[in-house]
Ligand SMILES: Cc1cc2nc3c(=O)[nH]c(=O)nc-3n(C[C@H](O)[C@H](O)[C@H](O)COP(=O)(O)OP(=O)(O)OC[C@H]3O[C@@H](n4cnc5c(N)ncnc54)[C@H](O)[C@@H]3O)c2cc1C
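Below, in structure tokens: the form predicted alone, a single chain.
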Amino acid sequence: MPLPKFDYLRPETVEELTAILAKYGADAKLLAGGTDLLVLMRERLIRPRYVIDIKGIRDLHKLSWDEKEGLTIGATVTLNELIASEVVRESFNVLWKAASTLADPTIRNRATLVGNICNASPAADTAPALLVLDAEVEVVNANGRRIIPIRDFFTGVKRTSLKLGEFVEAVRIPKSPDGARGDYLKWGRTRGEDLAVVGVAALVANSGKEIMRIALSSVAPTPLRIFEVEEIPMGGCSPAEQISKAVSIVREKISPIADVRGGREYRTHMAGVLTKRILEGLLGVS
């Protein structure tokens, strides 16, 4: 089915973009990779009057690392560019793993990290990784900018805390705790390209203060960080006991739905299995 008719705009600066959004508001949609937008348009689920191609804005194509500022991922940085970054692979391995599982290399050559979170799918692969990394979302409109912690960015299925006229300029990730180790496990129906039946991201560290963070996808209306896991006492508790408690908490706190990819009970079971598996790997428990 062909795309519905629309007017195509291609600003070259952030200022031009904010002015266009202020003028057209809800009639406009942003095009970065287009891997979600064009599908929704072709299926007539959305029919924007204006499609704004942001790939020509140089300031949005920033992928940089700084000890003070952390990792900055601009709105038009593709997932393949993210995966090719040695800094991301070595210092933010949980995000590198999550991005590597999303779709296939051809799609990742177009898809962007910012597009993945703005689509706000409960099954978004990169969202759990960003949650355990304490990422922040830098949002811009015609009047200025604001920072939204990623934990407050998702508000429901396909819904975010973005307001009319706002767009995401970049995602910023602070330096990880010393000794941090992260991983992402995805359970799908096939080994190839597929949405997650359940996705689990974890980050642990034991330099000074012991840290254990868990976040999941496809188990609630939004990607979900399980903060209660972080309250498990580390002192006097063996790694195996910590893992057992974490699995119990995860299964208690999630609220998955049943759909064509899996039932509620199956997802709850697999969330526990993946949580146990990922923590055993990170904590060296056989």
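As the structure is a computational prediction, the values presented were derived from the model and not from experiment. Throughout, we count residues from 1 along the sequence that is shown.
There is also a form predicted in complex with this ligand; it is not shown, and the following applies to it.
(request) Would you please decide whether N119 lies within 4.5 angstroms of this ligand in the model of the complex, comparing each non-hydrogen atom pair? (result) N119: contacts this ligand in the model of the complex.
(request) Using the partner position in the model of the complex, report whether A75 sits within 4.5 Å of this ligand, counting heavy atoms only. (result) Judged by the heavy-atom cut-off of 4.5 Å, A75 is in contact with this ligand in the model of the complex.
(request) Answer with yes or no whether P239 is in contact with this ligand in the model of the complex, where contact means some heavy atom within 4.5 Å. (result) It does not: once this ligand is placed as it appears in the model of the complex, P239 has no heavy atom within 4.5 Å of it.
(message) Is G115 part of the interface with this ligand in the model of the complex - any heavy atom within 4.5 Å?
(response) Yes, G115 is a contact residue.
(request) Could you spot which one of I173, V88, A123, M212 gets a heavy atom to within 4.5 Å of this ligand in the model of the complex? (result) The residue from I173, V88, A123, M212 that makes the contact is A123.
(request) Check each of L31, I254, I243, L63 and return the one that places a heavy atom within 4.5 angstroms of this ligand in the model of the complex. (result) Checked against the cut-off, the match is L31.
(message) If the criterion is a non-hydrogen atom within 4.5 angstroms, does every one of L102, L162 and K186 touch this ligand in the model of the complex?
(response) All of them do, each having a heavy atom within 4.5 Å of the partner.
(request) Select, from the options 64 to 72, 245 to 253, 223 to 231, 37 to 45, the stretch whose residues sit within 4.5 angstroms of this ligand in the model of the complex by heavy atom distance. (result) In the other structure, the partner sits against 37 to 45.
(request) For the heavy atom contacts within 4.5 Å of this ligand in the model of the complex, list the residues of 51 to 81 involved, in sequence order. (result) Contacts from 51 to 81: I54, A75, L79.
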